[in-house]
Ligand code: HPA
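One chain follows as structure tokens, the form predicted on its own.
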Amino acid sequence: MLTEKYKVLKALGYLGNNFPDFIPDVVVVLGSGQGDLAQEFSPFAGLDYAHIPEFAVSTTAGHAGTLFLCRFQGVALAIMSGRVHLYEGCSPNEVVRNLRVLGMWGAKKAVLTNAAGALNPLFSTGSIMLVTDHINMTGENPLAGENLELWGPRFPDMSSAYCPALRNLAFKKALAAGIHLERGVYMGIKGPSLETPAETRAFRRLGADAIGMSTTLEAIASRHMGIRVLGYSCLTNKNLPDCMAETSHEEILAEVRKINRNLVTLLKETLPHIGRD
């Protein structure tokens, strides 16, 4: 853990030295196929993860691995275009390292987006789900091991992992914009294999409405640091265990791109208010 602390502080030092007049209010993590959305916020700087000392670098298609810095309607945004995942062979600490760096830099809110499969049969492909809670089925936790009080308490409360006030704001803005927004529980699994019909049936019975391979560890690390979290899942496919249709990563990315316009609208409507709250 001391080594992980060193890596976070080294990356933080690099960003602070190169951008001394910038402190992020909000971190936005863009998931699979969503990275291009950062350009909608007119970034004044873009840094490849590989150029930031000790930043974790993504290897997955659809995750560019670029940190964009923006000022949007008076709010300072640090937008992560891409993330790393457990299935890439990364440790839990690597999965959340970049977010921890930005939290140490000053961000007090995080908007986590992802591409997910719909488990709830009432949800439609192409819609967006507001994450109300999550189930961490990865078998991993970024807080395991020695706790660093610098980041948060040994046993952080997770009774409101996804901030109710931010969820209410997002729902009101979606309603005003005429965007249908589902609400439900996200399940995070390790991957990279997609779910079998039996797994889909079991996960639905556990209470999950959507499923993906990210987000849960980031939400845990964020809450550990006192960062308030808002989550959006872009529902790219529908998992019906009795008539499972084959899908692929390429098809999922193509579906995300169709959803992105509504996601951009939601982000533009909510981020100015989130950042000033």
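Everything quoted here is computed from the prediction, not taken from an experiment. One-based numbering along the sequence shown.
Keep in mind that the form predicted in complex with the named molecule is missing from the display, and what follows is about it.
For a residue to qualify, one of its non-hydrogen atoms must sit within 4.5 Å of the named molecule in the predicted bound form; none of Glu4, Ala11 and Val95 qualifies. Of the residues given (Leu77, Leu112, Val101, Ile189), Ile189 alone sits with a heavy atom within 4.5 Å of the named molecule in the predicted bound form. Of the candidates Glu195, Asp133, Glu88, Glu182, Glu195 is the one whose heavy atoms come within 4.5 Å of the named molecule in the predicted bound form; the others do not.
Picking from 155-163, 170-178, 113-121, 133-141 the stretch near the named molecule in the predicted bound form, with a 4.5 Å limit on heavy atoms, gives 113-121. Interface membership of Asn237, defined by any non-hydrogen atom within 4.5 Å of the named molecule in the predicted bound form, is confirmed. Using a 4.5 Å cutoff between non-hydrogen atoms, Ala221 does not count as a contact of the named molecule in the predicted bound form. In the predicted bound form, the named molecule lies within 4.5 Å of some heavy atom of Gly212.
Of the residues in 122-137, none comes within 4.5 Å of the named molecule in the predicted bound form through any heavy atom.
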